[in-house]
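The chain below stands alone, shown as structure tokens; this is the form predicted alone.
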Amino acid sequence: MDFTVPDEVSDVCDAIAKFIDREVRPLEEEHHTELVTEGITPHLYEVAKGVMAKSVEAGFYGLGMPTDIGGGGLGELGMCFVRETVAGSGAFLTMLMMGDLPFGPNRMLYELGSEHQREKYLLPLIAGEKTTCIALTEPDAGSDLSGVRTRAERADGGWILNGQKLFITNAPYCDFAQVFATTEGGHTIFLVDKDTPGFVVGPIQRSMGDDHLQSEVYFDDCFVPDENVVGEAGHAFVYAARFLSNERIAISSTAIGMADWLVNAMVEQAQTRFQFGNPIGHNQAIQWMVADSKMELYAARSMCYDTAWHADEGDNVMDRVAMTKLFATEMVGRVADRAVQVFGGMGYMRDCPVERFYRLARVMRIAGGTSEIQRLMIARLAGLGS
């Protein structure tokens, strides 16, 4: 296996880095106070949508989707390089730039969607004309997907949805939701337009990441036509297991990009901050924090590239994905903690990007399957447990 970045992918990454310098950093400087004090507000979400529109125009949006529907055709390994570049930029208004989950197009809609669903939902997602959300999590359903209580009952020509979702990222702004619901004989995925009667978005739920992206969603006798069922009714969790690997590789490569930025920030701080007449990088304690961080980053990157390569080869990567997601997301948490320590009091201040990375890194051990679930999967795939 050769994980050298192909020239064509390297060119794309260089172009993305220049795009961020040209289009995103000036916006972050312009809106610095709002970003630092309030996070991603509804206003800054609109600013990020402007970045998304320019990304679509530049050909960066949906790079991981197939070319026959307007995507860039990059495989999992290519997208690892791209996501590292974006996350490693240290810019926060890039969140909509690549069309990653949950905002943009996904392979589930590409592989399972009907012609109608492609025309009405997938193509507008790839074109950046619409955004979406994944409405799965509920008060009693997070890691335990079988705990979904939102129910869909058959009706003439469709289904009636009733239930509640929470912590749904992009729900306040999406054009439609991909909703997981219990149906007779299993669970089913529905595409529900936001303007459908009975689709109610609750108040925004502020997160530790200082964003305004999550909210509760309610379905009150919400009618969904048969043509909006994704794949076959009753097979939702089979589909979820099949496509979660893509999300977990994406989260892992994003964590690696974040850790790379943090390591570079630590090194620069260690070289330029003086105490007792010398750069703090002369102190062994600081050197070891950097050394441990670089070592763990190298290990996570190697795991991620190997997993992505095998995924591109069509191999079964469930165990690799679980190990990679677990290691990479816990790694970035440790690196972020060390970075705050290296920056000292400044690292604890809201005006320092390290502080925001510290908070953003924390959710990565939850999103896309908790660390505990990854450990459970690894053990089960090794033949342990029931």
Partner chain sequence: MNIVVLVKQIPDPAGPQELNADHTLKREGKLILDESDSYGVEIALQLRESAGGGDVTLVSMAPNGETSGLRTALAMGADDAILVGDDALPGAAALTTAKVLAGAIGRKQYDLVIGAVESSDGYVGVVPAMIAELLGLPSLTFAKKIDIDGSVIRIERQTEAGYDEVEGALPALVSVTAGVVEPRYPSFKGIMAAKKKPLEQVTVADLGVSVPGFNGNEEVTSVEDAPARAAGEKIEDDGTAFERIVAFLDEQKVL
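Quantities reported herein were computed from a predicted structural model and do not represent experimental measurements. Numbering follows the first chain given and starts at 1.
Quick note: we don't show the form predicted in complex with the partner chain, though the next part is all about it.
Enquirer: Within 4.5 Å, heavy atoms only: does Gly70 come near the partner chain in the model of the complex?
Expert: Yes, Gly70 sits close enough to the partner chain in the model of the complex that at least one of its heavy atoms falls within 4.5 Å.
Enquirer: Flag Ala58 as yes or no: does it have a non-hydrogen atom within 4.5 angstroms of any non-hydrogen atom of the partner chain in the model of the complex?
Expert: Yes, Ala58 lies within 4.5 Å of the partner chain in the model of the complex.
Enquirer: Quick one: does Met364 come within 4.5 Å of the partner chain in the model of the complex, counting heavy atoms only?
Expert: Answer no; every heavy atom of Met364 is more than 4.5 Å from the partner chain in the model of the complex.
Enquirer: May I ask you to state whether Asp2 is within 4.5 Å of the partner chain in the model of the complex, using heavy atom distances?
Expert: Because no heavy atom of Asp2 falls inside 4.5 Å of the partner chain in the model of the complex, the answer is no.
Enquirer: Between the partner chain and Gln117, Glu119 and Ala177, in the model of the complex, does every residue show a non-hydrogen atom at 4.5 Å or closer?
Expert: Not a single residue of the candidate spot has a heavy atom within 4.5 Å of the partner chain in the model of the complex.
Enquirer: Of these, 30 to 38, 337 to 345, 355 to 363, 59 to 67, which stretch puts a heavy atom within 4.5 angstroms of the partner chain in the model of the complex?
Expert: Only one stretch qualifies here: 59 to 67.
Enquirer: Would you give me the residues of 10 to 25 that have any heavy atom within 4.5 Å of the partner chain in the model of the complex, in order from first to last?
Expert: Stretch hits, in order: Ser10, Asp11, Val12, Asp14, Ala15, Lys18, Phe19, Arg22, Glu23.
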